[in-house]
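Quick setup: one chain, the form predicted on its own, written in structure tokens, and binding and motion questions come after.
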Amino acid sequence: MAKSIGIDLGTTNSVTGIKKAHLEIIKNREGELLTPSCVTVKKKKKLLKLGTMEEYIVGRNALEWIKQDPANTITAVKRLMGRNLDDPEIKKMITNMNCPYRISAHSKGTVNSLAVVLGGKEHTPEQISAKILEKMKSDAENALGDEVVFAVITVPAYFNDKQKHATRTAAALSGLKVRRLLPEPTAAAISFGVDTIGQDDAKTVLVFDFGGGTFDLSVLTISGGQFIEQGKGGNMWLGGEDIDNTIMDFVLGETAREYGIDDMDALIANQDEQSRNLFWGELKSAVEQAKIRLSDDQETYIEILAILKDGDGDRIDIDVELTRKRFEEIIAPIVDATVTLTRKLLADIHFTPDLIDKVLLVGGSSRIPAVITAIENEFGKQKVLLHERPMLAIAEGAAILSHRLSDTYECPHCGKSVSQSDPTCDECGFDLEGYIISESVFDIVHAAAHDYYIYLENNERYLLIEKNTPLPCEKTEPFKLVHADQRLVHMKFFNIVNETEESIGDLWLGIDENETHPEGSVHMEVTLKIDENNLVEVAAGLKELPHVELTKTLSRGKADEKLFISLENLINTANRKGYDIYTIEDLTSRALSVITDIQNVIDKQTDDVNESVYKSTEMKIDKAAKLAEKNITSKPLICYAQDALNNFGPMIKDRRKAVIRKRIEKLKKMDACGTYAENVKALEALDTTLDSIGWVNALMMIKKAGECCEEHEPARAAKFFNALETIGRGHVNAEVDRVTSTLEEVLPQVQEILDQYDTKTGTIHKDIRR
């Protein structure tokens, strides 16, 4: 029977657990409980063929390889999940010599998506994380002797929607089906609560989760198997990695002073590649070990001998003493930051320290004595508990919830397979419901991790859902289109995280151009849903036109967003340059088509790019830009040709009408899928054919003048429509002189009207307002 496991997908290490009759942490193939979250790419010669193939190595073996090839080995990929190139911390990583692999914007995405270059090839953080999950899945299957299909995967409580979406994508790529994305502090609370809080007890617990890459806080009330989140806080860029980097800076600074080196970074950069790679690998390992030793010892030494050399070829040995006192001094700003964030969380939910019954410390960095002391000073020593298994607690909680969410599980008393809905075991009569309440997870009430906003017209912000709102939740708000004839809507959704704005994604809507807007303002209802995983879903509809199906996609920095940005730049250029209304009409029509196509660029499960759709959509945007720049318009010409056939068909020879219809269809086809050159050629062919219908074009001008007058000068409209009737009767009765004289009389006035009213510029509206 397919198994369901719990996975702590950590920044530094990952752990897998399963709960059957008893809770178990699953060892990997190397016989270890912790699997380093490290991936390396090696080139491997193909058998029977010339060339090479990529080989991915994950875990302990990859971590060892980092000393040989750091440029193709990545650690802490979790910090890159759902991030963007403009993030200050990402910029810091790119310029930091401690980060040997290359980070860039993805060639098929925007600055809102990242790629790491390993083995000369772009990899998304999701693809790298998927390799880690593949190993966790495979090692679990090897240990259990059964297929693993489902998993509860933990994520930092402060992860935003894009980061959670990226985690789900990584799971899909690895072949796992996600039962739940579980906040890491909640997972730790589950591990703690199941062990220590009885059925009739109620405790409010602050989980202080200080791991390798993130710092997470969560306040939960635990009672009778229920876990109710009161609030979340933390910092996604604070963790053991930062402590390691601080120690590394200290070690390099001490060495530079000892040897009188002015620029230590330059000296390291000038080493040969093999020595440089080996040095960084040895330094990172030595610093991590020193940090761990200082949890028990008062002093330690960091030694790296016979690797670095100065410009004269003399050895520069790293031999630095680090006392616990000095260690605590250099990490004091980091420890202070954790305390400040803890106070902020309590203030956000209107709690005081006396309302907290227990403070549970989990994560490797929480074992540091200075961290423990700082939290004891805040809450009192008697309240602070270091989890007995701080490195395993999160995986344990995930395994417990994964067991709870499984369709079936083993009866704890007799081992028979029972259903989650069974109150008692049919085989032995064991009280399953009571067991779940007292020994497992009965229910979890999650809370929104951040405030959720939408941008309105003129960059006005509007709050949709507040931080710490119980989940799942749904909010529907009414908005107005900024213009009655608006066909495009662009909505931007974002979080506020620690006072910083972070994009969730953009939603583009296209309103069918054949749909007629009602009189007056058009109201749009926007619905934002957040599920128990803190994942966002957005929907929108027109209140006055409920039957209208709006095309929509929520972009998250991938190839679709890159195309949307190109489209938005094109629209902004058109509005800035003041194109005429016919060019604007044509461009709007093309934009509607592009929006529909962009929805099919990204696979909804794996984020894979459909290359053929991407290239054709990219070509459409480029073609639209070129046509607009030269004021070449297909749609108005097609409408003109169809209008001429409908209104003055009897005045056009049948053979010519057939040619017009054929060329209309050709232009429509080229509009949809033709190149710029093919589009222009088809347009010119139709235009030439229309030139040949002679005086029917004059009738079209008179009709247009009458329509302009209906809008602007109603009293003058009758003159032009009467002229059309006169010409029509004259044509039927073969009264050539009457037709000619009427045309000569009215055409100068027609031109005057068209010059006055038919040369307006247009605007493509895409905003909404309250």
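In this text, all values refer to a predicted model and were calculated from it rather than measured experimentally. Note that residue numbering begins at 1 and tracks the sequence as displayed.
If you look for the form predicted together with a small molecule, you will not find it shown, but the lines that follow are about it.
In terms of contact with the small molecule in the predicted bound form, the residue from Arg663, His123, Lys135, Lys291 that brings a heavy atom within 4.5 Å is Lys291. Scanning Lys635, Lys467, Arg367, Lys309 against the small molecule in the predicted bound form with a 4.5 Å heavy atom cut-off leaves one residue, Arg367. The small molecule in the predicted bound form comes within 4.5 Å of no heavy atom belonging to Ala130. For the chain shown alone, Gly234 is not a contact residue for the small molecule in the predicted bound form, no non-hydrogen atom being within 4.5 angstroms. Under a 4.5 angstroms non-hydrogen atom cutoff, the small molecule in the predicted bound form has Gly240 among its neighbouring residues. The closest heavy atom approach of Gly193 to the small molecule in the predicted bound form falls outside 4.5 Å. Stretch-level contact analysis of 206 to 214, 638 to 646, 567 to 575, 139 to 147 against the small molecule in the predicted bound form, using heavy atoms and a 4.5 Å limit, identifies 206 to 214. Across the proposed site, Thr12, Ser295 and Met391 without exception bring a heavy atom within 4.5 Å of the small molecule in the predicted bound form.
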